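One chain comes next, on its own, written out as structure tokens in the form predicted on its own.
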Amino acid sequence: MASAAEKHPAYNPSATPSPKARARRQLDLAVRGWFAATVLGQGLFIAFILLFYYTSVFSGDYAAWNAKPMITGYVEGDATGNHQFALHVLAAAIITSCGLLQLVPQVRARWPMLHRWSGRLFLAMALILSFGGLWLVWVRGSYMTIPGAIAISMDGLLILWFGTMAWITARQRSFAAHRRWALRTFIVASGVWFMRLGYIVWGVMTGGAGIERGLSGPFDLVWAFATHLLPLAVLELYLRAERGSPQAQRAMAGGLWLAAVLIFGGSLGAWFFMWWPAIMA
């Protein structure tokens, strides 16, 4: 016997979403949640760079960098190193802004020229940051431990590799492959941002277990590599879940919601405990 819903004139069995369609919808919604948290977090990071580094660089007050704890900030008499560091932090705001633009589908659809040129600027800044970071580590000596220096260098090399592949696939008009390489480039280029969020989240959850002065504790050494490898692993799982089973898509949606919560909390913590105090100092 037909139910009351089935007897309704507007009833259409084909309009009922399939389990696969529902799983895909859940995954898409989780992606939006992750992106919203990322926009907030990276927006705060950009604001910090502008308010802290841009003001000090353009005013010529490089010594103000040392108000914020860092490995090697302003060094009197080291003009080359100071200028290289200034270029590095100024480029960070540009690459972060352009990277976010690349993730907005409306920009790609409605303003393809903006998408292309912001993508070119993103890749150019990624290359500058990679080479500059390698120079700061191995020439200026801006590292605390050898494992930490290796981890930073690995991140820089991954940026160079992924960015080059993103450029090549774009030139070949292989847009599906370009999307994957561009997403990978965005993730590894955000390693410095992920590093700060990880320290905030871990510090709140564990009271700072495994974090030692000189960044030589167990957590320090693990997170030096995981700061880019863990988000990259999450991305690879997402890329596979896109084409996977409904079960895989639902599991990935749950993982992305968890990531969004951690990013949201870590970003607010970084702003209130790291970035805003440095700005005020």
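The first residue of the shown sequence is 1; numbering continues from there. The structure displayed is predicted, hence computed values, not measured ones.
We do not show the form predicted in complex with a small molecule, though everything after this point is about it.
Wondering, does V222 line up within 4.5 Å of the small molecule in the predicted complex on heavy atoms? V222: no contact with the small molecule in the predicted complex.
F48, heavy atom within 4.5 angstroms of the small molecule in the predicted complex: The answer is yes: F48 has a heavy atom within 4.5 Å of the small molecule.
In the predicted complex, is there a heavy atom of the small molecule that lies within 4.5 Å of any heavy atom of Y199, even though the partner is absent here? The answer is no: Y199 has no heavy atom within 4.5 Å of the small molecule.
Can you work out whether G133 and the small molecule are in contact in the predicted complex, taking contact to mean some heavy atom pair no more than 4.5 Å apart? G133: contacts the small molecule in the predicted complex.
Residue (of T169, Q84, S153, S118) lying close to the small molecule in the predicted complex, criterion heavy atoms within 4.5 Å: Of the candidates T169, Q84, S153, S118, S153 is the one lying within 4.5 Å of the small molecule in the predicted complex.
Of L101, V192, L183, I211, which one comes within 4.5 Å of the small molecule in the predicted complex, counting heavy atoms only? None of the other options qualify; the answer is V192.
Location of the small molecule contact in the predicted complex, chosen stretch of 174 to 182, 201 to 209, 156 to 164, 106 to 114 [non-hydrogen atom, 4.5 Å]: That would be 156 to 164.
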